[in-house]
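The chain below stands alone and is given as structure tokens, in the form predicted on its own.
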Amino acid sequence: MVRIGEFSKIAQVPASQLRYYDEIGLFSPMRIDSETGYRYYSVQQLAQLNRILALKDLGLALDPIKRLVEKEVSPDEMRGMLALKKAQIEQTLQAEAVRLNAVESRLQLLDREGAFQDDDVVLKSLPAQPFLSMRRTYGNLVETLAGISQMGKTVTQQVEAKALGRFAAVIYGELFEDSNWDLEFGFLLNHSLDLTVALSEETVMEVRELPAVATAVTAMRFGGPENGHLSYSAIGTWVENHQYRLIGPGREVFVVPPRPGHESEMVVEIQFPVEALSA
């Protein structure tokens, strides 16, 4: 056995924390010298201490930790709890990264003070095209990216590559919302196919024709949706300056589709059907 100082070094835990855990009956030394009051610990106690620290890292208060320790939580249960916490932390970090990118995009808008060049926007027509797709509501960005990833894996396994064009989205809804998006995702097809692709028992992708658009205003977005402010602002500025109006749902065509962990590398063409106000 070793004294508290040596044990604190071995465990990488402050001695003051060990004393406090002893005072509240959470983690006690193996022996206390009755004459000197010195606390002695055994390295065999490290497993119990690490269990306590892991529960603390999960965000639990000391009282619930004490009850769990007394019930002797198994290593498998601990691993499961820590894996869940790890996933929650990763999701939080991803959300914070998205927020940071959105702030940077807003700062770029401030720097430009609303000034956009005409070459930020391209006017063109869009031909009718077969579209293997599915429409549903997505609660948030994480859910949306997971849905895109599932579609990409499933469709590329079941449909020959030469038939598939770019991945695309149709964005429904009259108003912008920060959650619960009504979206239709799928693959533009190089030729019409009579098929369906099941993503699950309840969700099936089907082929329909994406109608032609006589005139669409388009702009490129680099990075994830949180970087879309510049592109959408450029489109809005161009439309107002040139006396057009937006009609129908917008579309996004993925020139470089998202890959898990590499969403910042996305390149997307934003497309809006428009008509001249004088028409």
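Throughout, rigid core stands for the largest set of C-alpha atoms superposing within 1.5 Å between the two forms. One-based numbering along the sequence shown. If you're wondering where the values come from, they're calculated on a predicted model, not measured in any experiment.
Another form exists, predicted in complex with the DNA; not displayed. Remarks below refer to it.
K.L.:
Let me test this: is every residue among Tyr172, Leu193 and Arg208 within 4.5 Å of the DNA in the predicted bound form, going by heavy atom positions?
P.N.:
Checked in the predicted bound form: no contact with the DNA for any of the three.
K.L.:
Can you pick the stretch from 37 to 45, 243 to 251, 215 to 223, 228 to 236 whose heavy atoms fall within 4.5 Å of the DNA in the predicted bound form?
P.N.:
Stretch with heavy atoms near the partner: 37 to 45.
K.L.:
Does the DNA get within 4.5 angstroms of any non-hydrogen atom of Gln17 in the predicted bound form?
P.N.:
So Gln17 counts as contacting the DNA.
K.L.:
Lys56: heavy atom within 4.5 Å of the DNA in the predicted bound form?
P.N.:
Residue-level check for Lys56: yes, a contact with the DNA.
K.L.:
Check whether Glu275 has any heavy atom within 4.5 Å of a heavy atom of the DNA in the predicted bound form, and answer yes or no.
P.N.:
Contact check for Glu275: no, nothing within 4.5 Å of the DNA in the predicted bound form.
K.L.:
So, Met30 and the DNA: in the predicted bound form, are they within 4.5 Å at any heavy atom pair?
P.N.:
No, Met30 stays farther than 4.5 Å from the DNA in the predicted bound form.
K.L.:
Between 45 to 68 and the DNA in the predicted bound form, list the residues on our side with a heavy atom within 4.5 Å.
P.N.:
Going through 45 to 68 in order - heavy atoms within 4.5 Å of the DNA in the predicted bound form - the hits are Lys56, Ala61, Leu62.
K.L.:
Core aligned, does the CA of Leu18 move at least 2 Å between the shown form and the other one?
P.N.:
Yes; that C-alpha moves by at least 2 Å between the shown form and the other one.
K.L.:
Rigid core fitted, is the C-alpha displacement of Arg166 between the shown form and the other one 2 Å or more?
P.N.:
For Arg166, whose C-alpha is compared between the shown form and the other one after core superposition, the shift is less than 2 Å.
K.L.:
After superposing the rigid core, is the C-alpha displacement of Val239 2 Å or more between the shown form and the other one?
P.N.:
No, the C-alpha moves less than 2 Å.
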